[in-house]
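The chain that follows stands alone, in the form predicted on its own, written as structure tokens.
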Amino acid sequence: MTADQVVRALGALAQEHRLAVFRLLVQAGAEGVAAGQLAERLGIAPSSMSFHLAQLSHAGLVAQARHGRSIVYSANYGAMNGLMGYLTDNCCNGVPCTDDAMCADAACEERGAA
């Protein structure tokens, strides 16, 4: 991912409703969720939901497909993984870490604070 793509993705997720939508889509898996169902589950007006989905789509975080009369949205796992990879690239001064404790310990050791 480029820095521009990361900024766009983080900007899209930096809003309470969009973050909630994205989390629901990640939980839903590849089958996705219809826009109307998302609006209903989150208690958001359909017009507002359309706006939020457009922002997430513009950021490349969601994909959409027409199923009959409904538009079904799903998380773009490739983009999500790319974003996570960008954020954790060179984590802990290049020391592989699998959980927060290992990362924090490795960072402390590198600084001589351990």
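Given the structure is predicted, the values throughout are model-derived calculations rather than measurements. A residue's number is simply how far along the shown sequence it sits, counting from 1.
There is another form of the same protein, the form predicted together with the DNA; it is not shown, and what comes next is about it.
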property: Candidate spot 35, 51 and 68, all three touching the DNA in the predicted complex (heavy atom, 4.5 Å); result: yes
property: Contact test in the predicted complex: residue 63 vs the DNA, heavy atoms, 4.5 Å; result: no
property: Contact label in the predicted complex: residue 78 to the DNA, heavy atom within 4.5 Å; result: no
property: Contact label in the predicted complex: residue 85 to the DNA, heavy atom within 4.5 Å; result: no
property: Contact flag, residue 74 vs the DNA in the predicted complex, heavy atom cut 4.5 Å; result: no
property: Members of 11 to 27 lying within 4.5 angstroms of the DNA, judged by heavy atom, in the predicted complex; result: 15, 17, 18
